[in-house]
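We begin with a single chain expressed as structure tokens, specifically the form predicted on its own.
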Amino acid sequence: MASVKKIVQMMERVKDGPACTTADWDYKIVPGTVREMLKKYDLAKTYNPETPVNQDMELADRFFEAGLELAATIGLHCTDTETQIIFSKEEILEALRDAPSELVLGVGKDRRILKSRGVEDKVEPLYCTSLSIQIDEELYIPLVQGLVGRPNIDILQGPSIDTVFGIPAFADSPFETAAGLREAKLRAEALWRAGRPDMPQMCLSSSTTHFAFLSGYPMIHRPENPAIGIALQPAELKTNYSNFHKVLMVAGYGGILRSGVTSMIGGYSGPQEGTVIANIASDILQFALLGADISNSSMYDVRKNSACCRNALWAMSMSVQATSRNTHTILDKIINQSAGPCTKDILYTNMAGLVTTGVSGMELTTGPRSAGGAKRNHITPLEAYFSADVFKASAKLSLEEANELVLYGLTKYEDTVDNQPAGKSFYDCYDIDTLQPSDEWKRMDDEVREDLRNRGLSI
């Protein structure tokens, strides 16, 4: 677990680090050094569209060495101080050795063991639902009750609210503080109604800055059931003071720290090969910078707003394989799909992303990001249950079987991956009283499950 003393020492190091403007970091240091790593390790143009699930372990190991050297060469940038935080290779490797390989979560019947996994590992990964999709305040309790309504859901993150007693919760203000208090109370009620008050929780979803986190986290965390604190960095290979507020809270309460960031293909780390290197560096630096328990450095193609396009799937598989083969750290990467509820698109994209990362050795995922997280109330329990089943079933696959399955999934949505249907809101495809899907939505789920079973997925 993160240490308050070590984090304070790290903050001093951040404050006194070498000066570096954000513009220089974004446009010179990161892209220039990534290009150097691509050349040094002969990784440019290694993307293979025929293997969205990478089959070449020697290549994965080379990517890890490149990511490790990138991390040790440039470190991280703090946007508040405009300084650079440099780590030696030895420091990074020591932090990776000290990182946990197993975490005990929850209490009683909802106790879960989160274990480090390797490529083609038969240990089932864990599933956390949902991402922080905005919903109506009055929908929070019934929706969350539904989301955790099956035991294949291991951890609750939950949706977010942007009102408090009907009043807008303005970010970076006392209204946001109130939103954190309100979400914590709503969570407790929803879990009690679902009969799962002791399940593991990841929080806090309604925290736009750090204020809601600071108010809500202490209400959710319990010494016998430590809460997983969400501390997301502002951007790839960056940190800021707002995140340190959250990290200190988690460390002070003895909680479990999940920190990370999203790497963007087409961003300042360049094409998919460069983004893999930067993503690996982002993952391993969470442990060196903060003493994280879980790294949550996800990846998607910014041009398509998806992690389920062919090149992003390849990049995710490569990054997960590289880190899982060379460390015992615990990873939680998110499948950034853009299709919404009551569409087959969301089911097939979820399958492709979760099979890709699961067979590659990922331990945990949080989702789904229904409708790309862009549509209010566009989240239902059905796609969460489906995703959890698929992710756990990925542990039964070989890399070759997974690749064939993902290639098949791509035939179902690849032509429209950058313009997927948003689907329907919870109100339009679920019964709020019975928490059951509409006949249309249930039929889609049944048909896709049967299709995937026929293709070899034990779902």
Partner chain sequence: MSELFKDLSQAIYDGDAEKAVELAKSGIDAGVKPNELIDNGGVDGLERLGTAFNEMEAFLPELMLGGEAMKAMLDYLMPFMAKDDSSSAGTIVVGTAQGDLHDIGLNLVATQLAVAGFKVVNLGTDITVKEYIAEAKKNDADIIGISSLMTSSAYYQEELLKRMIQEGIRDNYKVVVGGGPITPQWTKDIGADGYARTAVQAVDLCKRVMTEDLSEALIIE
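Positions refer to the first chain, counted from 1. Since this is a predicted model, take the numbers as computed values, not measurements.
Not pictured, yet referred to below: the form predicted together with the partner chain.
- Are any of the heavy atoms in residue 302 no more than 4.5 Å from a heavy atom of the partner chain in the predicted bound form? Heavy-atom contact with the partner chain at 4.5 Å: present for residue 302.
- Does at least one non-hydrogen atom of residue 268 fall within 4.5 angstroms of the partner chain in the predicted bound form? Residue 268 belongs to the contact set for the partner chain.
- Query: Just to confirm, residue 31 within 4.5 Å of the partner chain in the predicted bound form by heavy atoms?
  - Reply: So residue 31 counts as contacting the partner chain.
- Close approach of residue 376 to the partner chain in the predicted bound form, 4.5 Å, heavy atom: Taking the distances in the predicted bound form, the answer for residue 376 is yes, it comes within 4.5 Å of the partner chain.
- Query: Which one, 378 to 386, 269 to 277, 330 to 338, 192 to 200, holds residues whose non-hydrogen atoms are within 4.5 Å of the partner chain in the predicted bound form?
  - Reply: Selected range: 269 to 277.
- Task: With the partner chain left out of view, choose which of 112, 344, 238, 310 has a non-hydrogen atom within 4.5 angstroms of it in the predicted bound form.
- Result: Exactly one listed residue reaches within 4.5 Å, namely 238.
- Task: Would you mind picking the one in 168, 108, 149, 254 that has a heavy atom within 4.5 Å of the partner chain in the predicted bound form?
- Result: Contact with the partner chain in the predicted bound form is made by 168 alone.
- Message: Contact check in the predicted bound form: 88, 177 and 221 versus the partner chain, with a cutoff of 4.5 Å between any heavy atoms. Do all three pass?
- Response: Negative, none of the three is within 4.5 Å.
- Quick one: name the residues from 67 to 93 with any non-hydrogen atom within 4.5 angstroms of the partner chain in the predicted bound form. Heavy-atom contacts within 4.5 Å come from no residue here.
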